[in-house]
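Just the one chain here, the form predicted on its own, laid out as structure tokens.
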Amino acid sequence: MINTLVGDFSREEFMLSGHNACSGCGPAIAMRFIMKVAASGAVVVIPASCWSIISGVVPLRSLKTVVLHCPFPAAAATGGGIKKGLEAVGDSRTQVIVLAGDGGTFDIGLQGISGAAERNEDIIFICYDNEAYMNTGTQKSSATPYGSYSATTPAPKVKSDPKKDIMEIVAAHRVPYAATATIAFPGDLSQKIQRALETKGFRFIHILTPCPEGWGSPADITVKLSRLAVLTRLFPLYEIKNGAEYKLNFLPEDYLPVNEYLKPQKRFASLDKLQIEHIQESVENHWKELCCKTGTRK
């Protein structure tokens, strides 16, 4: 098992203060950790997303590295092109990190991701997943979970479909490395970023990043919600190598009921007992599948 609690982070800050993120912003916390591992030796590609705003506008900036903004669907293609350009001038060391939200990953950017994964482009694609289009007002994405409120879900404004399984989609491309992570387990996150940096080819990291504004949760429990997502098994921490080798990185000693995660969030406030039981059953089924793939007995 990965040491989930203690991360190997630089003392230097590569994300500057004074940025435009909301209080308790999960994506901002995640990027601070990412940059402490990747340092300034990376080009960061950002499509339309919350991080388009957080990263700042010239001459202001929040990241101490090169940042390139690109159209919503083009992040993976842009990242691949930059990497090819760097290699063409003899630079094989600079890492290219694509940072996209769930809209730019699960939905609008999925075709480009599939193409880059199929070509095994030498880039790291990181999805910070706050489970809706938060930058424009909490519109539903295919990462929005069952039972969640959104501004664009028809009355009674609760999503009736399950969340898209992006990890299985990526795994189907047989990419060298894919992993899930959260900001509540910094050791796990730092080691996965490091493994991605040391691996060649297309690498994918899916990070759950709570959004207080969109989730209707207090700003001071962002990390707690990330931890509860893992302890309830709604968001397991695991890795996939070459699309086939699954490894579970954290096994909770006691499984918490999903309602422990749901109840602090206003977006799930309308759920009734049967709907919560449905979510619990879905979690149990997915966990059994994951345990089977990882050879875990629990």
Partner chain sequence: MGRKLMNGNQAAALAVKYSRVQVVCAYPITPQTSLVENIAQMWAGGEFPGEYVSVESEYSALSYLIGASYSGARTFTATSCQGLAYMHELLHWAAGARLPIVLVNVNRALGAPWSLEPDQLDSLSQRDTGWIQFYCADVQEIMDTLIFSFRLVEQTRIPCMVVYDGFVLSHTYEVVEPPLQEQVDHFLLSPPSRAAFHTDKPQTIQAVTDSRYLSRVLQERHLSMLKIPGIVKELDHKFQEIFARSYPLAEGTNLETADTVIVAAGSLAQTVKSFLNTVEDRKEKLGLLRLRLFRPLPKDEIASLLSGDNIKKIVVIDRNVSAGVGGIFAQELRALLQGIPYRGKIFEFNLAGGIDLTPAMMEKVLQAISEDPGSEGKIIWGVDLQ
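Keep in mind that what you see is a predicted model, and the values were worked out from it rather than measured. Positions refer to the first chain, counted from 1.
There is another form of the same protein, the form predicted in complex with the partner chain; it is not shown, and what comes next is about it.
- Task: Tell me, out of Pro176, Pro212, Gly147, Gly81, which residue has a non-hydrogen atom within 4.5 angstroms of the partner chain in the predicted complex.
- Result: The option sitting close enough to the partner is Gly81.
Non-hydrogen atom within 4.5 Å of the partner chain in the predicted complex for each of Cys70, Ala74 and Ala88:
Contact check passed for all of Cys70, Ala74 and Ala88.
_So, Ala244 and the partner chain: in the predicted complex, are they within 4.5 Å at any heavy atom pair?_
Flag for Ala244 set to no.
So in the predicted complex, does any heavy atom of Pro257 sit within 4.5 Å of the partner chain? Result no; Pro257 lies far from the partner chain in the predicted complex.
Please check if Gly103 has a heavy atom lying within 4.5 Å of any heavy atom of the partner chain in the predicted complex. No, Gly103 is distant from the partner.
Is the gap between Gly41 and the partner chain in the predicted complex 4.5 Å or less for some heavy atom pair? Output for Gly41 is yes: heavy atoms within 4.5 Å of the partner chain.
(Q) Among the candidate stretches 119-127, 189-197, 217-225, 156-164, which one is within 4.5 Å of the partner chain in the predicted complex when only heavy atoms are counted? (A) Every other range fails; the passing one is 119-127.
Across 111-134, which residues bring a heavy atom to within 4.5 Å of the partner chain in the predicted complex?
Sequence-ordered list: Gln111, Gly112, Gly115, Arg119, Glu121.
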